[in-house]
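Same protein, same chain, two forms; see structure 1 and structure 2 below, as structure tokens.
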Structure 1
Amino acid sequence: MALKGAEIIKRLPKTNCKECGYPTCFAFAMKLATGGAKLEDCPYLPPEVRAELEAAMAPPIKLVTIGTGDNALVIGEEEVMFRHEKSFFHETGIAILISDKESESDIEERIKGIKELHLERIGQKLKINLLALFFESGEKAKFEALVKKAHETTNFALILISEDTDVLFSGASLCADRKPLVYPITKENVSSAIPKLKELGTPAGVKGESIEEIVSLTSNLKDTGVEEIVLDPGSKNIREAVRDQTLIRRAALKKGFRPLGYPTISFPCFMYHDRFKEALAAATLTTKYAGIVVVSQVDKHFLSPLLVHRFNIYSDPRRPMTVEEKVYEISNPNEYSPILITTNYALDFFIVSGAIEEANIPAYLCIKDTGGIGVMAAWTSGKFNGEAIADFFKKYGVGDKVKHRKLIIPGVAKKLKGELEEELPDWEIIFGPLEASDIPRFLSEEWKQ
């Protein structure tokens, strides 16, 4: 919200008629400023005032949607430069480049690879968002065939890339119902592109050689009613990318500069030809503000680190990810099954429970509430020490669940063993491995009951 309550009140009728549900116009203005009320709740706003307020109160970075339905990518409406100031909200979309120059079987192989990539973290699916279809063959028919294939055989949101505007829009008309991003709209083709963009209703990927060039392009587009825009400042390496992305976001957020108030797209796939560097550029751009990054590789070892990285950067720093405190039963344990313990930091829960499932040995997993803090930090601050765990055992009657008296604790918690031996004297305290990923091996070798 760019407007303060004091600014808004000046434009309201000031009759205090209460029809909006607030006692005074002033109260309504204050609520509007913090996003708690809607302009349409006041029936007495002249349309021109309403339009003016709407424009002034719009988020400084426009929300843009590419694609439709469950697979639509929504980017923009970011509010901060540093994630710790609030949070980053709309995850960077990861797009995979597919060239129409590749053979049909290569293309199919690629699409298959992308579809098969399933990655989960903390109970959430991490996924690739878009296919970026690249006209490189010089043959319109090939590009159209590629667009058709992507449209018919996948649900991904699409980006169409072609320097040839005719080819670009004939491709776009084949998949307009999918709301693809058409790219690049440049100073050379903008006037011919505008009517087609409006006709198809697709978002525009604007490319300039500099930020100045982008500013004149977006102003032009906006004047003609094209508002869903994604910006590419044409950065050629990560140094330029950090510069361009920072200036664009800063202009929008700190200066309220509307012509740059849009999400961005960036192309690590064209910046670097070495796959390692391409990944590093993609990670840099995910960290530094890109709305979409386009990469060329589809294999798991390349994409998993990028997906996990995005997950980290876009996690909400205001809320630690936690799970409920209790004794979880994994794969129907019985009274001879092992008992393990960890914290309610969601990451701990998911890696440890995942490892137990992988071990294929039914078990009880005790999850102690530590406020979402992991093993060692929670131990230091007293939330996961001998006393706290002994209390947990009492509260949940852990001893009644089994006939043995063996408790497996995280291998990293060196001093916890002694503490627990004191607090739970009838229990044998066993160090598990240092890493949750070694739990399957550990359980199958060490758990004999």
Structure 2
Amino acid sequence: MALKGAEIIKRLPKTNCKECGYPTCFAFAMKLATGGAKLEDCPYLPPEVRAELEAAMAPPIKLVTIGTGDNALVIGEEEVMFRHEKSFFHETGIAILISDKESESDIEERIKGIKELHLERIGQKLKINLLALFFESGEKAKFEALVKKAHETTNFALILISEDTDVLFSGASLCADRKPLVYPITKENVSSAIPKLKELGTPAGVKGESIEEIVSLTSNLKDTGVEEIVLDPGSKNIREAVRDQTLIRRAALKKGFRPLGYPTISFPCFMYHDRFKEALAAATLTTKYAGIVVVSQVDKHFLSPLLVHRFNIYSDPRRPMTVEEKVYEISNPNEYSPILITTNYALDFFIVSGAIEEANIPAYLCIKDTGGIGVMAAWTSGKFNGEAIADFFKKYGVGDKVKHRKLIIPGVAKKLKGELEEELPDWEIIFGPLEASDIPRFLSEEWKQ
């Protein structure tokens, strides 16, 4: 648990020297408690006190990095149980299971499908994060071939899965430069695994048959200098998984219990053979509270909803999703194309722009910055009234883009029409439909007519 300023001040030298940049040691302690200052800012802090404070102020859940470069997955360091308290920061990594038992052509097809799966939502690119390479064939050479293929032909972060410790670290040595997660480290193999983990510098995926067993394993690993750990409590179904994930999260955040202060991994792919149950488990564990979920499906109809669900969970609930203010050109409009306007609330933009595309009529879509709130709330607050829209038209030269003078406004904004007729006297203000789903019909019939 985070230290409070009153607890930190007890450990400071209390010289009030001001060399830290603050008028008193108490002010410095308050800033430390809120993350606004650093321990090294105090020149008179004894090394042993600094070490004690660093340990006490460390995040309750350890930050773990799997992979390297732009494709590295960073998980952990979450601070709350519920996202309405504060945003979740490091989104759940989605990994696709690939078995060395599959044929070479099937493996290539799976990797190709994973590479090609890219979605965009509100300007953000959604994608798969990891490949989970599974030693299932019983042949060491096949697993090593799979690791080499994934290492040489993709940039994904990697998880290596093998109950055979020799095979596990043989594979890890082939891709150690990519910092793979090696799994499972258990009570049976932990002693032989520790030297290899330290030598290769790879994160350890710890698996226990109970929470108590995980505590013993993490304590052992930490005592020997292995810091980056991911936990698997061995849950066998959704009910057990939600229970275990919640217990681990609460122990770390509410009790400050360091042996469980690590991100977690879960395996819906091993829990269920039914693809719909697997999808349900993956979505559930993305919400509560897996750092990584491993699934077996490559089908975009399975993965796309999961990627969007993850995006929604890890967006900040305190801040509306917005898009950039500007005039968007949809389907290469010309000087005779219609002009529509709405707010920069992301949902407004995507619904309206999608409806315009569906109508297959090129158009200009004016997006006015309203701070991410919808039409009626924005009109009430003065961010989407006649004056604001007239200023927008001048700023972006909307009138220069077309030869006509017709503006289509949201059908719900009844009072906006009169304001715009005063501010833009040369323009004909046209009510669009009340429902965005009617925009294709409206444009096809009314505009063409």
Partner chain sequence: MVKYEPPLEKYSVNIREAIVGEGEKAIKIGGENTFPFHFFEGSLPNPPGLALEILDIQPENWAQWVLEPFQDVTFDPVRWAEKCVEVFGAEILCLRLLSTDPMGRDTSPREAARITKKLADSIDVPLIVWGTGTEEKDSQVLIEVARVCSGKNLLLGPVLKGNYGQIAKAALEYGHALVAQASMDVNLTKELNIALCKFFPAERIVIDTTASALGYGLEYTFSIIESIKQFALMDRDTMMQMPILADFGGDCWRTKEAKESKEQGIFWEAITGLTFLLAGANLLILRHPDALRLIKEMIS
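For the two forms, the rigid core is made up of the largest set of C-alpha atoms that agree within 1.5 Å on superposition. No experiment lies behind these values; they were computed from the predicted model shown. Residue 1 is the first residue of structure 1, and the numbers go on in sequence order from there.
Legend: structure 2 corresponds to the form predicted alone, while structure 1 does not.
In the core-superposed comparison between structure 1 and structure 2, the C-alpha atom of Phe143 has shifted by less than 2 angstroms. Relative to the superposed core, Gly35 undergoes a C-alpha shift smaller than 2 Å between structure 1 and structure 2. Relative to the superposed core, Lys196 undergoes a C-alpha shift smaller than 2 Å between structure 1 and structure 2. In the core-aligned comparison between structure 1 and structure 2, the Cα atom of Glu435 sits 7.5 Å away from its counterpart.
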